[in-house]
Structures are given as C-alpha cells and as structure tokens.
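Encoded as structure tokens, the following chain is the form predicted alone, with no partner shown.
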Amino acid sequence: MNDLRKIVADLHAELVRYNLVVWTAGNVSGRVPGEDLFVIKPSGVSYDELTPENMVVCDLDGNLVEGEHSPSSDTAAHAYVYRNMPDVGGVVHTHSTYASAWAARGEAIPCVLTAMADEFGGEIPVGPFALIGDDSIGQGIVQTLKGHRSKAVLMQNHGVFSIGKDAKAAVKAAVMCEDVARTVHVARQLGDPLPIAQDDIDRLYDRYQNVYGQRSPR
C-alpha cells in the first residue's frame, strides 16, 4: 500500500510536467492489487504539497477508508470505473487544453495519426455530459469505453478521463491524448486531415500493443 501511495503521489508531477493541469484540478488514482480499494489524490491540495502520506484510500463505493483528507471530488467517478471495469488498474482526470477544447465541442478526435492508431486503436470518443458529485461521470466513462480500444474519453463540456492497466499507463494515455488533440487541431487549421484506413489502423494497433518495445524473455 505504501508503495502505491508513493507511485500515485509521484505521478501527479507528470500531469504538471506535461501541462495537463492547472492549480489543483485533475487527479490520478491506482487500484490496490488484490483488494477492493484504490489510492487517490486528496481534494483541493496543491500539487506541490502532495506526498505519499496525504494520499487517501477509498473502497470501490468511494468511501474513505484511510487518510486524513477528503478524497478528490472525482472519487465517485473513479470508483464506478473500478467497480465496472475490473481490468482497469489506474484512472486519470485532466482538463488539458486541446483535448478539453474537443470535449467542449462534443467532437471525437478522428484517427488521422499513426500515433493515435498505436495508442488508442482509433478515434478518441466523446462521452456524455454529466454533472460532478455522484457516479454519473463514471457511468458515462464506462458506457463509452467498455468494448472500445481507446484508453481515453473526452467527457462533453468537461475534460479527459483516461484508464490503464495501472496508474502509470493511465497517465501515459492522458499525455498522449493531449498530444494528438493538439496536433489534429493544428492540422485542421491547415485543411482537412487525411483519415487512416481501418485495416491500417488495425495493423498499427496490433504492432504497437504486441510487438513494439522490449519484451520479457519467454
């Protein structure tokens, strides 16, 4: 548990490093392996003040189990994702500028870059508008991403939620989401971006997910 607290605390610095958050907005959470618990950022605490000790632990109903601070205001959304997507080990929320601009338009980011095909396996979809405060946002995330290759969703009029096999993978998806959102936005200022054929998207996604990078010896 202490190791996960440190991992989650440290990953918040990546949101700042990649300019995905401002002030106290945004959050990272990580599922506790083998338990119905997750670690998440406390609400309203400055990124400069985040430590492993002030991370909070919640159950999968979003109830505070351990910690001296109130959990993030997005805790109910994270909890709903963990309850309903058992393979998800990490959830991230940001209001990153370019991706949130697409969310403000309620428009999916089309798959016009090989990097999108690699990481997301297609477009980055839009989820429904939902108010914060209960698990409505979580329902929209699950409804949109279940059965979808994308590890990120643009929640309409809100921002980005991303998922991953662990917290680090979810942060990577959030970083990549903003990167491609910016590039595709710039491309649209110059003209109409060229779509990638579905067969090529499938091949790119398979190569990146199953061949790219270092593999453990069998």
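Not measured: the values here are computed from a predicted model. Counting begins at 1, following the sequence as shown.
Beyond the structure shown, there is the form predicted together with a further copy of the same chain, which is absent from this document and is the topic of what follows.
- Using a 4.5 angstroms limit between non-hydrogen atoms, T51 is distant from a further copy of the same chain in the predicted bound form.
- Interface residue remark: I196 is counted as part of the site for a further copy of the same chain in the predicted bound form, having a heavy atom within 4.5 Å.
- Contact annotation: P42 falls within 4.5 Å of a further copy of the same chain in the predicted bound form, judged by heavy atom distances.
- Using a 4.5 Å cutoff between non-hydrogen atoms, G121 does not count as a contact of a further copy of the same chain in the predicted bound form.
- Across the proposed site, L131, Q156 and K168 without exception bring a heavy atom within 4.5 Å of a further copy of the same chain in the predicted bound form.
- Scanning 176-207 for heavy atoms within 4.5 Å of a further copy of the same chain in the predicted bound form gives M176, D179, R182, T183, H185, V186, A187, R188, Q189, L190, G191, D192, P193, L194, P195, I196, D200, R203, L204, R207 in sequence order.
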